[in-house]
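So this first bit is one chain, no partners, the form predicted alone, shown in structure tokens.
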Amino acid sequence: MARLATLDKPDEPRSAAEDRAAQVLMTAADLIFRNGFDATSMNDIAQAVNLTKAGLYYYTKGKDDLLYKIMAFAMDCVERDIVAPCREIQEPEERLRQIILHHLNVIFVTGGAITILTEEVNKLANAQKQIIVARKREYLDLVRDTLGQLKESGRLRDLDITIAALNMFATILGVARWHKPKGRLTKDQIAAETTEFILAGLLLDQ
């Protein structure tokens, strides 16, 4: 499956096929997240996306392949909408802030299950696992490098950089687990409060 344009980029051309493929992946991700990988059948997924089982196999070779495609799509979103734009930000504190905000936006746009399922990497075949792990490491390295710059400038609390980065990711993924689209807080409010919460735990007061 080709890399897919993310859904919050209305100014960028997307084909109907790309949109449909993204819908299939996001719906499947939500079902697998809610019901568990083993308990979710291809029939369940086909019914949820209004396809026959044969039609679903147009998008995937099977459930294991589908899980890999979900993770690959998640990493496409991370690389396109977080890593690429945030790498261009020179000031490390602003870069960190934007990494958090961009990641939360990816969650809000694609649905939390897409991102959460990247934690299930051990269920992949070894070759696929290595690909996803390498792509996740690229993102981790961006955050670690950013925290390292903040540490050198005296802005970071006395924290281990790797542990700090992983705890940051855990907090962001926590939002994906509890966020309800029709909850009392808007996405902007959740993003703002979550960002300030994370930054307060990482940075020293000026």
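Note that the structure is predicted; figures quoted are calculated from it, not measured. Heads up: residue numbers just count along the shown sequence, starting at 1.
The form predicted together with a further copy of the same chain exists for this protein as well; it is not shown, and the discussion that follows is about that form.
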Contact stretch among 23 to 31, 169 to 177, 62 to 70, 46 to 54 - heavy atom within 4.5 Å of a further copy of the same chain in the predicted complex: 169 to 177
Within 4.5 Å of a further copy of the same chain in the predicted complex, all of R95, G148 and S153 (non-hydrogen atom): no
Residue contact check: D160 to a further copy of the same chain in the predicted complex, 4.5 Å heavy atom: yes
D141, heavy atom within 4.5 angstroms of a further copy of the same chain in the predicted complex: no
K182, heavy atom within 4.5 angstroms of a further copy of the same chain in the predicted complex: no
Any residue of 179 to 202 that, in the predicted complex, places a heavy atom within 4.5 Å of a further copy of the same chain: R184, L185, Q189, I190, E193, T194, E196, F197, I198, A200, G201, L202
